[in-house]
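In structure tokens, the next block holds one chain alone, the form predicted on its own.
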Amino acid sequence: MRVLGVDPGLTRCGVGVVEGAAGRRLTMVGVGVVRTPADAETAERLVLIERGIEQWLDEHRPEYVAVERVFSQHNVRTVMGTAQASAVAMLCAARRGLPVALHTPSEVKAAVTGSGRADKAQVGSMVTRLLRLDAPPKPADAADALALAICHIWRAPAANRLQQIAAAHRSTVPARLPKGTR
């Protein structure tokens, strides 16, 4: 499985591609950051992020895209920018028919470090160890993108199995007709 992880942000949008399978060796395919100038208009910055993500999709051909789920922060401007960058990543993937998974920061931290409360340094250290890198990717946005991809690789099989079970259950449960239509 090849996954593009995206740590959304307007100034720095972390991107990282990891290949592997649950219980198997993981390999970093690429890591980087899509940057935009802080003084540019929001619409222009979103176009730059879209171009950057499209370039990563063209170059690395992932099968899945994992994006950090936006959570409430105190700074509304930061949340809005993160949500907008996240939407661009999802749009780019959907345009190509790629499945998109959203993972919360605590879910990613728990998957990679064993603790949903791990700090950035712990995440970077575990990403370095899991991918057998010489040093943690810099900036932290790049390490977070790799952590998102790792999280998805490890959690997708279980999530897919749960979806299959739910779908099978729905197909065996008879449909209920509204009252008065029997």
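One rule holds for the numbers: they count along the sequence shown, beginning at 1. Just so it is clear, the structure is predicted and the values come from calculations on it, not from any experiment.
The next section is about a form of this same protein that is not shown, the form predicted in complex with a further copy of the same chain.
Taking non-hydrogen atoms only, T42 approaches a further copy of the same chain to within 4.5 angstroms in the predicted bound form. Interface residue remark: A121 is not counted as part of the site for a further copy of the same chain in the predicted bound form, having no heavy atom within 4.5 Å. Using a 4.5 angstroms threshold between heavy atoms, M90 counts as touching a further copy of the same chain in the predicted bound form. Taking the partner from elsewhere, V100 is found to have a heavy atom lying within 4.5 Å of a further copy of the same chain in the predicted bound form. Three-residue candidate spot A21, R24 and E63; no residue lies within 4.5 angstroms of a further copy of the same chain in the predicted bound form by any non-hydrogen atom.
In summary, the region of this chain contacting a further copy of the same chain in the predicted bound form, judged by heavy atoms within 4.5 Å and restricted to 42 to 50, 111 to 119, 138 to 146, 25 to 33, corresponds to 42 to 50. Residue in contact with a further copy of the same chain in the predicted bound form (any heavy atom within 4.5 Å), chosen from A156, V70, L130, L57: V70.
Contact annotation for 80 to 96: residues with any non-hydrogen atom within 4.5 angstroms of a further copy of the same chain in the predicted bound form are M80, A83, Q84, S86, A87, V88, M90, L91, A94, R95, listed in sequence order.
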